Ligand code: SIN
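As a starting point, one isolated chain is supplied in C-alpha cells, in the form predicted alone.
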Amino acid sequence: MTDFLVIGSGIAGLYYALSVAAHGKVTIITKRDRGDSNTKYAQGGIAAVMAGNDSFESHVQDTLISGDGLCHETIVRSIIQEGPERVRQLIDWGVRFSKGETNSFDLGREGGHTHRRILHAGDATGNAIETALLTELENHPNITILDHHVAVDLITERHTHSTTDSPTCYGAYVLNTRSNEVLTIPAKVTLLATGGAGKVYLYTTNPDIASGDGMAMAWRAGAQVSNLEFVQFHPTCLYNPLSQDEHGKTFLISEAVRGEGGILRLKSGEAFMHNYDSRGDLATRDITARAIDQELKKSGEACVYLDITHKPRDFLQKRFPTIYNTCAQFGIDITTQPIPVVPAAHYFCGGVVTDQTGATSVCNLFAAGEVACTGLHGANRLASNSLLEAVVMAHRAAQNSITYLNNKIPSLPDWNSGPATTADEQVVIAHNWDEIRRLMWNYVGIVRTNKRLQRAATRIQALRDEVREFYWQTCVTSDLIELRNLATVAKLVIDCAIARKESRGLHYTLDHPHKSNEQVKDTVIAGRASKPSRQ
C-alpha cells in the first residue's frame, strides 16, 4: 500500500510527489523510463509574470483572448497570480532558466502574448525541468519510482462491491511490462499526471506514450471529462518524411521561433499571416494552424516555410541549439534556409474535469497537467501556459491530498485474468491502432464537417467493439492497454465535437462556421462507470 499513487512522471507528477513526500509514502509509476514524458520534449518554456513592465492583468487578458470565450476567469486569474511563486520553487529544486547579460531572466515571447514572459532553458526547457526534478527526488526516502509499469485501470468501489454515495478511487491495477505481472497498488490518494493523447492522431509532436490513458481510465471510473473537441495542432512542425519516427512523431519547431521574429511564408516567399490576423506571425495557434491548413489546400503544396534567416547565426545557435542541430541533421541550415513546416496534433485543452484544487468528480482521485481540464485554457491554450498550469495545479492537489491521509482502504481483490489467453496475432492491435489514428486525422482534424464527424462516430463504435472483445479475451499487454485507451479517447473527442454546433477556438466546422452565444459553455460528458476490469 502507498499513501500517494502518482501515475505519470512529467512535471505535474514529479512536482506533486516532491510536494507531498514529507507527509507520507509516494509511489510513482511510469510507462517507460522515468524521464520519458511529454514534459521532456517541451521546447518553449513556462509563462509567468516576472518582468517589471509586465502585469498579471496583461497575462490574464492574453489568456482570455486566446481561450475564445470559454476560459473560467476565476481560475485564469488565480493560476497566473500563483505562477511566479511556483517558478521560484522550480528554481529552488535546481531548474536553471536562461539568463541574459545583466543576469536577469532571458524572457521569450510567443504567439498571443503581448509581453516577453516565457522563462526558458535554451530551447530544451522541458528536459531541463524534468532532469532537475528527477535529481531532486532521486534519493528521497519516501519516494519510489516504478519504471516500465503501465496503469491498466483505476480500482474503484465497483471492484470492492461496496456501496458509496459517489464513485471512489482506491488505487490502480498496474502492469509490470518486464514481468507481465499485474500488480494491485492500493492508495489513499491517486493523482493522474498522464499527459495528453496526441497519439490518437496520425501525426503528432507527442512521444509514443501519449495515448490518453488517464482520460480513459478516469472516464471508465465515472469521472467527468470536458472540452475534448479542443485539440491544439501545433502550427510549425518540421516537414520532412525522414523527421518522423516510426510512430508518426514529428519534430516540433518551437513557437519561440516566431516570437523571435520568424516569418511564415509560402513556397513563393510570400508572407501570408497578416491576411488572417492583425497580429500576423504572432497570432494564436488555432488561427495560425488553420491559416496554414487553408494555404496548403489552396496551393496543393506539402508545406509552408518558417523563415528566421534574417537573424544572426550566433543568435540562432545560442537561442535555438536543439532546433539548429536537428534541422542540420536533415540538411537544413536555419541561418540561410527557411524551415519547411506543417501542423501536427500537439495538446489537449480538455480532459478530466477538476476543481480549483485538482480534485475530480471521483473521490480520492486528483488530476494535474494536460490530462486535466481546469478551465484555464478554454477553447485554445495560450502558448507556454501548460507548464504553468501543471505546477500550480500539482501544488494545489498536493495541499489538498495531504488532508486525505486518514482515508481507510477496503480489502481489494487481486487481478484475475480469468479465461483470457495470450494474443497470437499482434497484427490486430497494430491494424486497429493505425485505423483509429488515420480516422481521427482525416475526419476530426483541424477542419471538420457534420458528415465527417458522423462517419467517424460510426466507425469508432465498430472499432471499439472489436477492441473491447479483444481486450476481454486476451491477456493485457502495454500495446493492448494503450489501444483500448486510444479508442475510448477517440470516441470522447468525436462526441464532444458533434455536440458543439459552432466554430470556436480549436474547433472549426464548415457546417457551423460562426460562434454561437448559446454555445458559451463547456462540453461535459459524464463518466461511464462501466463494469470493472478483470479481477
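Start at 1 with the first residue shown and count on from there. What you are looking at is a predicted structure, and each value in this text was computed from that prediction instead of being measured.
Below, we turn to the form predicted in complex with the ligand, even though it does not appear here.
K.L.:
Exactly one of Glu110, Glu229, Asp281, Asp286 has a non-hydrogen atom within 4.5 Å of the ligand in the predicted bound form; which residue is it?
P.N.:
It is Glu110.
K.L.:
Please identify the residue among Arg437, Arg448, His234, His395 with any heavy atom within 4.5 Å of the ligand in the predicted bound form.
P.N.:
Here the answer is residue option His234.
K.L.:
Which one of these stretches, 469-477, 41-49, 498-506, 63-71, sits within 4.5 Å of the ligand in the predicted bound form when only heavy atoms are counted?
P.N.:
Flagged stretch: 41-49.
K.L.:
Does at least one non-hydrogen atom of Ala221 fall within 4.5 angstroms of the ligand in the predicted bound form?
P.N.:
Output for Ala221 is no: heavy atoms all beyond 4.5 Å of the ligand.
K.L.:
Is there a heavy atom of Thr360 lying 4.5 Å or less from a heavy atom of the ligand in the predicted bound form?
P.N.:
So Thr360 does not count as contacting the ligand.
K.L.:
Mark Thr354 yes when one of its heavy atoms lies within 4.5 Å of a heavy atom of the ligand in the predicted bound form, and no otherwise.
P.N.:
Answer no; every heavy atom of Thr354 is more than 4.5 Å from the ligand in the predicted bound form.
K.L.:
Would Leu252 count as a contact of the ligand in the predicted bound form, using a 4.5 angstroms cut-off between non-hydrogen atoms?
P.N.:
Looking in the predicted bound form, residue contacts with the ligand include Leu252, since a heavy atom lies within 4.5 Å.
K.L.:
Using a 4.5 Å cut-off on heavy atoms, which residues of 372-390 contact the ligand in the predicted bound form?
P.N.:
Heavy-atom contacts within 4.5 Å come from Arg381, Ala383, Ser384.
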